Every structure is written in structure tokens, then in C-alpha cells.
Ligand SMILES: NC(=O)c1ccc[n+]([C@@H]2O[C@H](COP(=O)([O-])OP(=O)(O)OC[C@H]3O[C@@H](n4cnc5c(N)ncnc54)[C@H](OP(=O)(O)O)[C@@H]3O)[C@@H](O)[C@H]2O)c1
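This document opens with one chain alone, in C-alpha cells, the form predicted on its own.
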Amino acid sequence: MSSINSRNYESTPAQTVAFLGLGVMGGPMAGHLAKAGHTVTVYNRTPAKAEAWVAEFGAPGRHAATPREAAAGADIVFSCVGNDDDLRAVVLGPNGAFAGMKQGSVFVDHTTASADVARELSNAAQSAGFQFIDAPVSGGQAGAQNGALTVMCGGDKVSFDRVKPVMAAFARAVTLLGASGAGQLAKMVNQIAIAGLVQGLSEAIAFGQRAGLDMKMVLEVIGKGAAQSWQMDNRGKTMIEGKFDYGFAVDWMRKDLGLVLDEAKRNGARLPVTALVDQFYADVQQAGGKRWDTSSLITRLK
């Protein structure tokens, strides 16, 4: 079975692209690019994943042994890896993507990373004769598989306008929010909002259950009013059922909230609720929930 769900792709001139990192997000995103008609060369730290991707999506896709080899000749190079260090590892050095990129090409990074590394790599790219767009995504694994991600971008507008139609293969919304680093900062805003929403929803459901209410019915009612949210619509019922094998892992959320809290120290923002929820997620990790969905916050209240 395909790791992506079929969809109608907008008519965009075929590009030669590379995709670095084929995890639960990157694999489907690269798949949508191939299905949309682009020539895709992939790289993954574990070669078996790259081989499996090529077997699934076929010609004209292929895999390369190094990021540099994957990036050679590409009009656009995409990446979606784990963190700042992983990003530097696939970008910099003699076998990094920057060493293989051609003049005038664009590097688009979908990793949730720091704004500092985005600015650092943007400066390095410009010095080498190409552009860097930081473009973290929201929508989780389901969004990647359905080609319905939200992409928050920072960087040069001319380069953004060039790559936006290509990103439409796996996104429902692609927006330039400012200069380099703005995409990563916007993703931090997103994660702050989600952290508070999930904790509030957890407390609401736990309270209602203690009170003896039929919480599925309650959520159906309040979901038609001011309390409605994506989290309620998509995770409320599974939280009631105690199912946490959906979407975004607690380990990943803690990584993201670490970036948020580090940035807040630099810019002076006060984030008392976010800091508290980050510690609640630490409790979930200690209880064995490192790979549970972020909605597992409710387990602390049982």
C-alpha cells in the first residue's frame, strides 16, 4: 500500500529536485513530488529507506549515496531531518548538499529547527550563489500523507515565488512570513498554541469523565461553539478512548518546545504555560510515552 493518499495535483512545470530525509514526513512529501511529475532524487542516512522509496515510487526517481550527489543538478533541494545538527550534517562539508548545488538553485528546509541555523545556512547559501528557504510544516504525518500540509516560510521572495508551486504538491497552504528565520519563528508560535490547547483539552476531558458525563456527546456539543479546535475535532475522541498512536510524538514535541524556550530566553518573551506543559510532557516521557501522540498529556490526569 502506498504511503501517500491520492490527490489531484496542480499543473506545474516539471522540475529536477532532490529530497534529503525520508522519515514519516519526508518520505510522503517526496512521494507527492514524484506523483506530481517532478524528477526526484532522494537521500536518506539509512540507505534501505531510500531504496524502499524508489521501489515504491519508481522511475524517474532514484537514490543517491550522499547529499552532495543527490543535490547535483537539482533545481530545488528539499530537506526534512531531525534537528539543527542533522540539518548541518546533510548540508555542510565535502559531501553535503551545498557542495553539489548549482548556481541559482534553491534549498528548501522543512525541518523544525532554530531560527539561528536558518539564518546561518541562508548566509552560507547566498555566499555560494544560491538561496535558502526555511519552511517548517504543520499537519503531522496525516498531513504529509494527504498532501495537505501548512508550510511557514522565511527567505527571499523571488526564490519563494519560484518554489511555492512545487511545494503545492504536498501542501494546502504555503506562505512567506518574512526574512530568513521567520518560518521557524512562526512554527514556534504554532507549537506554543498547540501545547496550551492540548493541555486545556486534556483537563476538560478528564474533568468531564470525573463528573460522570458522556464525553463523546459533550465534545459533539461544545465542538459547535467557542471551544472548538482542530485538537478537539481530531484528538478529542481518541483521548477519551485512551488511544495515542496518532500523529506527532511526544519526543518531537519536546524537541520543538526546547527550541521555543531557547528563543524565548533570547527575545524576552514570557511563556509560563508553555514551560509548564513542556514539563508535563517530560512526565509522559518518563512514564514510557516517548513515542505516544502529543494528546497523551491526558494520561497524567488519570
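Numbering starts at 1 and follows the sequence shown. As the structure is a prediction and not an experimental result, all values here were calculated from the model.
Only in words, not in the display: the form predicted together with the ligand, which the text now covers.
Remark: Q141 counts among the residues lining the ligand in the predicted bound form, judged by a heavy atom distance of 4.5 Å or less. At least one heavy atom of T46 is located within 4.5 Å of the ligand in the predicted bound form. Taking non-hydrogen atoms only, M25 approaches the ligand to within 4.5 angstroms in the predicted bound form. Using a 4.5 Å cutoff between non-hydrogen atoms, K255 counts as a contact of the ligand in the predicted bound form.
None of 197 to 205, 169 to 177, 214 to 222, 75 to 83 except one has non-hydrogen atoms within 4.5 angstroms of the ligand in the predicted bound form; the exception is 75 to 83. Checked against the ligand in the predicted bound form, the candidates C153, V90, A125, V163 yield a single residue with a heavy atom inside 4.5 Å, and that residue is V90. Distance criterion of 4.5 Å from any heavy atom to the ligand in the predicted bound form singles out V137 from the list V137, A97, V106, M188.
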